[in-house]
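In structure tokens, the next block holds one chain alone, the form predicted on its own.
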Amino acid sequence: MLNWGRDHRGRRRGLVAGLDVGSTKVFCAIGQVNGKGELDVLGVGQHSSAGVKSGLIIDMEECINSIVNAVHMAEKMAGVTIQDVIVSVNGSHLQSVNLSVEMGVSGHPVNNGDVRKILMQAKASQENQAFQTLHMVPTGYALDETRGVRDPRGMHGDKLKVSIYTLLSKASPIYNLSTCVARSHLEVSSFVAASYASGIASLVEDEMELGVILIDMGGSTTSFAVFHEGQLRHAECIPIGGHHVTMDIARGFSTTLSHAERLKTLYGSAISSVADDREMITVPLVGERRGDSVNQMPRSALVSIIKPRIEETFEYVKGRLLKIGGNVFLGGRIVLTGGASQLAGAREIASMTLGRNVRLGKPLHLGTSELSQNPAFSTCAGLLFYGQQERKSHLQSLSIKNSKMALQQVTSFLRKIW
């Protein structure tokens, strides 16, 4: 996975910070990579999101206020001040592109420089002022007539070809998000697609290798990512989420959004049961003073509102997967994560609609932390894990660089005394 981020000062202390700016919640998490390379979560902050709709900034001042409050809470818990963050990107403005690039290698063994050069050529071919590259994933190499090459280094040939999956974002949403982060007195070290972050947080290696579809159900969006042979192969976002269920309940029962959210959380389900007609729930009416006017409704009425919206969500995902040929990569498994995935019956509807085994995905790299049981925290956990892996790569390259410098100094010294 290639991401064109920069090195920042926080790495010197091993600090990693993730910022997930969602449509309903803003999460900030601060971790530290210890001497063993393991990630310790130091602090977490959460604040209701304002100024964001379907992954897009619609009010910068409100968004900045949400970010500042979430970051301040995380910093207070961690006892540190952060300077840069890894930020999630989500929304229907994400675009997937598959491309191939060919380069002559003059019959010599392919080396690191050749691989780097052809990847940079691929990146240059995608440069466009209207779009920004989030991720570039080499999905396969070909050397002359030999196809399906995973690693061409050391092999002989005349022409090297690489197939690359690229995830792009429209530049304007990225610019608006960057501005909000900058006005919160922070720098962006990297942008990471939210569904990719959720995937690396919630999926095990075998799932990613054999083929899996990660569906992240958020407040105003549902994003999904296809993984195969350990790599991201497709990512997309649709503008339907848990908040749409809340809106449906509020409209259907003529109640407030806060009461609708409460009804969804306490009694909501996408699957009906035999007791639903007998179980009555109290629904305060919108515009009435507290206790003045309430309705008594059977729980089955609530289920009848929730179920069609959840079915619509997964039907939409199914349609998008069929369009891109997602079944080619699917190894019989779907993983649901995100805050809205905790709704009772969501797994069953997903399994019936998509015809696959479904499990609920939770962060895997947080040890025994309570956050490891919270699917809503998957994206932010993935941002921390991404930062941890970046730091490992940075330290390894630094170690190699220092070793080369030391070898050059020894060689120079020997030449002088020879």
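The numbering used is simple: start at 1 and walk along the sequence shown. From a predicted model like this one, the values you see are computed outputs, not experimental measurements.
The form predicted together with a small molecule exists for this protein as well; it is not shown, and the discussion that follows is about that form.
- Contact between S178 and the small molecule in the model of the complex is not found at the 4.5 Å heavy atom cutoff.
- With a 4.5 Å cutoff on heavy atoms, E261 counts as touching the small molecule in the model of the complex.
- Using a 4.5 angstroms threshold between heavy atoms, L343 counts as touching the small molecule in the model of the complex.
- When contacts are judged by a 4.5 Å heavy atom cut-off, H243 counts as touching the small molecule in the model of the complex.
- Residue heavy atoms within 4.5 Å of the small molecule in the model of the complex occur in exactly one stretch of 277-285, 129-137, 262-270, 316-324, and that stretch is 262-270.
- Taking a 4.5 Å heavy atom cutoff to the small molecule in the model of the complex, the contact residue among S189, T255, S220, S169 is S220.
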